[in-house]
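Form predicted alone, single chain, as structure tokens, below.
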């Protein structure tokens, strides 16, 4: 079933009796060409692009819970491509271009809203660094505008420009950035993959890998063994636990990242705003709630919840740039499990085990990367060669010294 305005009108006039389930609930087959472990945004988008772009349909996506129960439904919905390094910026710009046509591509309303993002700067040196970043973005085909104080005041007059500790001098603006409805992204990719014949298997936990003579031949699951020519893992914060079942130790730590939403308010924030002297980012949802977040929790965990010191730190960051946020009441909060790599950049690569592939280490950037991650992972799986924009995301880059340290924080995951 394809959705359209006429279909919505017709169903409204006929009692909404013609809607069909968005995807099937098939039983797992004994074998597939490709098994994707993880039914989040990256797994679903990989399956979708494998079917749509590369014509492969004998594919299964295995999810231990329900589709979209992980980080794809536990984030702050920001999409952007304002990166600096050549190993990152072309990849995220590819993702941005895919976001721009996503809803038409898979015929589903993902509520993509290109309302822009502004990264605030608070010193001359930070202004110069942002100018460099903006130039790198433009060279990679993205858009960037360096705003001075006067230009920023026109868009965000509510900011505390004369804050004694963190005076705001301006910001780096990417007009094409914005937000998307995280759940709808998962549902849209799931529906699109299902329409192309992909089996989406929920409540099917992978408990081990079938490895013989250095070759992965499938997976053991809570619903029995499933054979596969290729096994593709993309399980975000559970990467370390899952890949350990194949005897691999990854350069990844798992940390909780909390997010928050306030009560509904009248429209005030035009797009996404980030604090340049701390870690705080905020936007306003279509319902009026202020959606914001900050740093990860400082300890390793696999729990989808956080602790109160980070709540305090995030709210302090918000108060530093817009004191009015102190009058808003917090409605709810949640946590996702971040797979923090040692240099803050992800992996899309083959492993040393034939037939076993890995996608992970997305740190804070997983949601915005969803389309490009799936597209590039599908390219790798279908052709056994990396997509040009993801060629630097190698598992061995720490051995070869080709790290992609976007933030310049070194090999300390909690700082990325």
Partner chain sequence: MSQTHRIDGGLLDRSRALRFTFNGTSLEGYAGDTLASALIANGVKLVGRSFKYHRPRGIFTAGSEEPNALVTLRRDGHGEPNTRATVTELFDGLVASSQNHRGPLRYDLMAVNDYLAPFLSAGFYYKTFMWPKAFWEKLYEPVIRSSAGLGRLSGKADPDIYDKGFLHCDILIIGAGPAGLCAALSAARSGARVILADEDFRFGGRLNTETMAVAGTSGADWAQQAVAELASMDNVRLMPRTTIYGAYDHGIYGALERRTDHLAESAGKPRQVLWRIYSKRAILCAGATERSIAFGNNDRPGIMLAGSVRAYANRWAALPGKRIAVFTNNDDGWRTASDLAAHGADIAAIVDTRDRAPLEAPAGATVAMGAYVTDTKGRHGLKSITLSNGTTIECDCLAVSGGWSPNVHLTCHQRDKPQWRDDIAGFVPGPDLPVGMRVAGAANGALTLAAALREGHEQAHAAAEELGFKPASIALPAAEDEAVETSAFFHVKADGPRAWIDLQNDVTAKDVKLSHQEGFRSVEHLKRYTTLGMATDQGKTANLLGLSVMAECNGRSIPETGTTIFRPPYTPVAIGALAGRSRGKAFRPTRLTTSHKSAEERDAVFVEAGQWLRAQWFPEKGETHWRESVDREAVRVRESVGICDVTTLGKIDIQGRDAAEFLNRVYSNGFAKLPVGKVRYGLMLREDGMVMDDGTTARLGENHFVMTTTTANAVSVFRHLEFCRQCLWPGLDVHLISATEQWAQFAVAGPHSRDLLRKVVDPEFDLSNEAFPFMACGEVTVFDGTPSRLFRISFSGELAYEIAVPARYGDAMIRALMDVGEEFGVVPYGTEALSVLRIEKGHPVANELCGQTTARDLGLERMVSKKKDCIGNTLSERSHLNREDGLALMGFAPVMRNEHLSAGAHFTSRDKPATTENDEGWMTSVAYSPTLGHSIGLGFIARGRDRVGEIVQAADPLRGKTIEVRIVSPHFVDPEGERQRA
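Computed from a predicted structure; not experimentally measured. Positions refer to the first chain, counted from 1.
Keep in mind the form predicted in complex with the partner chain is missing from the figure; the text below concerns it.
Among 195, 204, 210, 84, the residue placing a heavy atom within 4.5 Å of the partner chain in the predicted bound form is 84. Note on the interface: of 227-235, 210-218, 128-136, 148-156, the segment with non-hydrogen atoms within 4.5 angstroms of the partner chain in the predicted bound form is 128-136. Residue contact with the partner chain in the predicted bound form: residue 172 places a heavy atom within 4.5 Å of it. For residue 294, no non-hydrogen atom is located within 4.5 Å of the partner chain in the predicted bound form, even though that partner is not displayed. Shown alone here, residue 246 lies farther than 4.5 Å from the partner chain in the predicted bound form, counting heavy atoms only. Although the partner is absent from this view, residue 67 contacts the partner chain in the predicted bound form, with a non-hydrogen atom inside 4.5 angstroms. Taking the partner from elsewhere, every residue among 21, 140 and 181 has a non-hydrogen atom within 4.5 angstroms of the partner chain in the predicted bound form. Along 100-114, these residues reach a heavy atom to within 4.5 Å of the partner chain in the predicted bound form: 100, 101, 103, 104, 107, 108, 109, 111, 112, 113, 114.
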